[in-house]
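Take a look at this one chain, the form predicted on its own, written out in structure tokens.
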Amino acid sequence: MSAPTRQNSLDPVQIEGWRWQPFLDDAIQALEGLKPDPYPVPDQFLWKEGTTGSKAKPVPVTTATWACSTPKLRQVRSACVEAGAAASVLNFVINPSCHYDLPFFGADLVTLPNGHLLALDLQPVDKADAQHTDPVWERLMPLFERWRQELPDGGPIPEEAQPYFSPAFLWTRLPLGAEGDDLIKSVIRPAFKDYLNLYLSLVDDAKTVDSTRAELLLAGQKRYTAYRSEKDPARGMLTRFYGSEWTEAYIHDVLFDL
């Protein structure tokens, strides 16, 4: 597939055969009411093609970035990867402005040869800060309780990662095939919409904080993005597809650029 003409990060992403296209379309539609502006993304990261697999049986790989910003949201971005049976990925993150007391929104939807790895959360800037977390979690936990009973648990997360997730971290592993596809359609997609709609409701209600509070929030945001860039699980996959130089620039200058 030849690369489309994408002049900025708000141009549509349409990847042939990409499993997660409906989720990105849902997110873009939900954000339309905020009248977002394009977020600056260098041309080499808007659309990237490569191959994986053997020389005898190469598999085409496409990676695209969609991104925007609003007065309350510093960066909203999605990393979209399609590599056939090797991988299909949507990593969608909303980074709030530090001038509003908001968590991050995070969705990782990953299909690999051994199954689906799926995660949704409203991730705290500072988990120990009750002023920051309590108003969010009291509205988020009912959504979590509704959907987690429909899904197998994804298992424990590393201790070092726990400060960056809420008690409503919806995390599951699903098998390939009809069973997993049915749960993605009947549970994961509506849960994604529920979590995102709640987040956008929080954004709508958010008021500007004072400069002291903004500095504390910014420090927490920097800790989060530093951790995510250091531990990004896609690093190995992207390095195989495109090499280390492109991958490190993508992780540090686009995905986690704070």
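Quick caveat: nothing in here was measured; it's all calculated off a predicted structure. The first residue of the shown sequence is 1; numbering continues from there.
Absent from the display: the form predicted in complex with a small molecule. The rest refers to it.
*Asks:* Just checking whether L255 would be counted as a contact of the small molecule in the predicted bound form - the rule being heavy atoms within 4.5 angstroms.
*Replies:* Residue-level check for L255: yes, a contact with the small molecule.
*Asks:* Taking heavy atoms only, is W137 within 4.5 angstroms of the small molecule in the predicted bound form?
*Replies:* Outside the cut-off, so no.
*Asks:* My question is simply whether L238 lines the interface with the small molecule in the predicted bound form - judged by any non-hydrogen atom within 4.5 Å.
*Replies:* Yes, L238 is a contact residue.
*Asks:* Are any of the heavy atoms in L151 no more than 4.5 Å from a heavy atom of the small molecule in the predicted bound form?
*Replies:* Answer no; every heavy atom of L151 is more than 4.5 Å from the small molecule in the predicted bound form.
*Asks:* In terms of non-hydrogen atoms within 4.5 angstroms, which of the given stretches 226-234, 52-60, 24-32, 188-196 touches the small molecule in the predicted bound form?
*Replies:* That would be 226-234.
*Asks:* Please tell me whether the candidate spot formed by A79, Q123 and F169 is one where all three residues come within 4.5 Å of the small molecule in the predicted bound form (heavy atoms).
*Replies:* Verified in the predicted bound form; spot residues all in contact, yes.
*Asks:* By the heavy atom within 4.5 Å rule, which residue out of A107, L174, L73, A83 makes contact with the small molecule in the predicted bound form?
*Replies:* Going through each option in turn, the one that passes is A107.
*Asks:* State the residue from A178, I157, A128, M141 whose non-hydrogen atoms include one within 4.5 Å of the small molecule in the predicted bound form.
*Replies:* Checked against the cut-off, the match is I157.
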